[in-house]
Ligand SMILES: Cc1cc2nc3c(=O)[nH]c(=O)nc-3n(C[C@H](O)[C@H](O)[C@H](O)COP(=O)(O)OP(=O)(O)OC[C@H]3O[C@@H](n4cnc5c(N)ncnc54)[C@H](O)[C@@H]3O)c2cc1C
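For reference, the chain that follows is the form predicted alone, supplied as structure tokens.
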């Protein structure tokens, strides 16, 4: 691939930044990725349910091996409160992990393309029209184009659209990874190669097998990844998302800062789960805790700066499209930049990706509409009842055919 003369600065070295970097690099652009964190990010992610749209975008970025991407789930199950399987749907799907894809992409970068400990401070223009990124560590970097891929708390977005801020949903997600070898054989027999669900008071639980430490896919070496969405009142929400020092983390606390009191609270509430699931929750030594927030902008392109991924639209995780949307944003942006009529292509790109983002955003809100819902009026109650149904829950959450549902929102 012939090298392009342009150098593209990418703010954010997590999944969206890596996907943008590899998509652009593979088409000849020089890229530099700047990540605010000082440590590696591979242990920060969760499980990912794959689908054809995700595969297309990942292949564009250079990741093409489906066979080694994860664990195949052949069926979806719903467990009642007493532990019986009352609903099942055949829905083949490969369940992968955030860390596996992250490590694969990062390994493809060359020295001098990834810079940790670079927290963006401001974006300026030079007299000759170059983009200038100024960082809090005192460094200044110049480029021809800048991609804001720095997540839901995006500094790029704060500079461009300071009035847009994440909105809290009122509920949280506990997450955990359990060693497959620690799961009793009687339970594993029911859970292995299945995508399992259960409803709880004020939320729902889901889980499936993913690659284990060092991306090991061998039986007995894998992890069981689970997520539990749970509504909390305002007082409880603030207590759970506050660490020992009193610092409040609305979007989620680093695992090492979650208080023992909060962990014990989680384990106590797990009593409402079916026993086969409850044991997985209580076996989790180091849970993750995320405050569920969302946002969606009305503009993506700002002359020589664009927003992609969660920096542009953070949908609730129920749709299972966070990585997929970021990958598609990166793929379609690269195609627009390669277009001979770049300005018009970027405008078309913006319109198309905004329509898609808003559809995903609304679908994700609908999927979570029953969590904590008091069903005070008929429209709210009707929607909550629909998404609170086991059939809807197991079919639509992290669907293997998301386009089937997104097209409904695009047509509205």
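Nothing here was measured: the structure is a model prediction, and the numbers come from that model. Residue numbers count along the first chain shown, from 1.
Below, we refer to the form predicted together with this ligand, which is not included among the displayed structures.
Which one, 104-112, 234-242, 305-313, 179-187, holds residues whose non-hydrogen atoms are within 4.5 Å of this ligand in the model of the complex? Heavy-atom contact with the partner occurs in 305-313.
So in the model of the complex, does residue 29 come within 4.5 Å of this ligand, heavy atom to heavy atom? Contact with this ligand, no.
Residue 354, heavy atom within 4.5 angstroms of this ligand in the model of the complex: Although this ligand is absent here, residue 354 would stay clear of it in the model of the complex, with no heavy atoms inside 4.5 Å.
With a cut-off of 4.5 Å between heavy atoms, is residue 119 one of the residues that contacts this ligand in the model of the complex? Residue 119: yes, in contact with this ligand in the model of the complex.
Against this ligand in the model of the complex, would residue 258 count as a contact residue? Criterion: heavy atoms within 4.5 Å. No - in the model of the complex, heavy atoms of residue 258 and this ligand never come within 4.5 Å of each other.
Within 4.5 Å, heavy atoms only, which of 24, 15, 9, 393 is in contact with this ligand in the model of the complex? Checked against the cut-off, the match is 15.
By the heavy atom within 4.5 Å rule, which residue out of 147, 210, 321, 330 makes contact with this ligand in the model of the complex? Contact check passes for 321.
For 251-285: residues with a non-hydrogen atom within 4.5 angstroms of this ligand in the model of the complex? Heavy-atom contacts within 4.5 Å come from no residue here.
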